[in-house]
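The chain that follows stands alone, in the form predicted alone, written as structure tokens.
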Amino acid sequence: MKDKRVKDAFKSKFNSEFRFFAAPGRINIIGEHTDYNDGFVLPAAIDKRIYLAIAPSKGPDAEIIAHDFTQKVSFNIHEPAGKIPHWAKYPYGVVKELQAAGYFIEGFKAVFGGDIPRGAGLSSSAALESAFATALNAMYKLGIGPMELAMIGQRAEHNYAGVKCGIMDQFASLHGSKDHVMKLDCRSLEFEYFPLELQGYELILADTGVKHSLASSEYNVRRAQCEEGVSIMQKQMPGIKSLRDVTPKDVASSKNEMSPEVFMRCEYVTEENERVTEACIALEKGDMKEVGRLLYQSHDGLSNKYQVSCPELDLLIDTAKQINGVMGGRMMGGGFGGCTINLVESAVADTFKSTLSKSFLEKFGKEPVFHAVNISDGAREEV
């Protein structure tokens, strides 16, 4: 077990008592590219985690061992870190953002490791931030609530790791609840839980193992296109601030003033926001067929209207559609590679994997990697 290896490594290195914390990665059921448009997302914490053994140390020095990388780093928490490995920027950023918010902490010694698959888009970086934020909050009795901890993790990523992420990843890691998804309003940060009970079904991620170089540049292009669409619609509706404030019908009424690309981007985002709400209604009814239909709709929009898919992702979804017992699936994350998320009847899980593997191997010369995930609780101290 990964958690035992982390505990054993701490005992071996530091030979002292410690406290033990875990913070999960996340999936997003539906609601992709809606976050930076002030829209809705539907994430859930998963049973793949970062594990952290930690103890306070006298003085200002922090020593952190990354068990999976067999690397360690030391820094004075009151001074600039100098050159540190990229992974260390996440815990270091959490320390600095806690201090910037006026909280007093001291040095510590820590070992962490995890079982969140790397490169699969499951937010291992947010889990690492959440683990350290939760641990330091508990260890130094700071009394910080989970939403503020999420914002501290987000600022750490912005200001120290250099990634201008939304709040969803840290939010999901800290607020997760077993067998529930969370509908998060990315404007107000209000949220509510909806049941996702998977009796007879499985959530299976199919990882393409690719990340096309278009991802970061095209992300910025999409943001700009959405903003352009809003500015066009503001001529008719001066009160709107983002695509969150309009419907697909509003977008259609301004179609003639938009380029085809801008129209498609805006249409997709407004439709996806509606799909999040529809998915929550379906989950309350336990209607997995409808959830699956919405997943396929989401992928079609991401591929054809938002145009952030790629041949590998499209092949996985096109193949899944041919298999009886696969309720639905879509690409998950920023796009141009990464995973698809699939809602599959447990009885056909093996058929699903073998069929996708065969068609992917024939087309791309390798097989996808599969990850079965369960919906879990958020970051917490473990005994």
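For every residue, the number given is its place in the sequence shown, counted from 1. Just so we're clear, the structure is a prediction, and the values are computed from it rather than from any experiment.
The form predicted together with a small molecule is left out here; the points below concern that form.
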{"item": "Output flag, 49, 51 and 119 jointly within 4.5 Å of the small molecule in the predicted complex, heavy atom basis", "value": "no"}
{"item": "Contact residue in the predicted complex, from 167, 310, 88, 203 (heavy atom within 4.5 Å of the small molecule)", "value": "167"}
{"item": "Contact residue in the predicted complex, chosen from 140, 219, 191, 194 - any heavy atom within 4.5 Å of the small molecule", "value": "219"}
{"item": "Exercise: residue 336 in contact with the small molecule in the predicted complex, heavy atom 4.5 Å", "value": "no"}
{"item": "Residue 39: touches the small molecule in the predicted complex, heavy atom cutoff 4.5 angstroms", "value": "no"}
{"item": "Proximity of residue 31 to the small molecule in the predicted complex, heavy atoms at 4.5 Å", "value": "yes"}
{"item": "4.5 Å heavy atom contact, residue 35 to the small molecule in the predicted complex", "value": "yes"}
{"item": "Listed range touching the small molecule, judged in the predicted complex by heavy atoms within 4.5 Å, from 255-263, 76-84, 144-152, 168-176", "value": "168-176"}
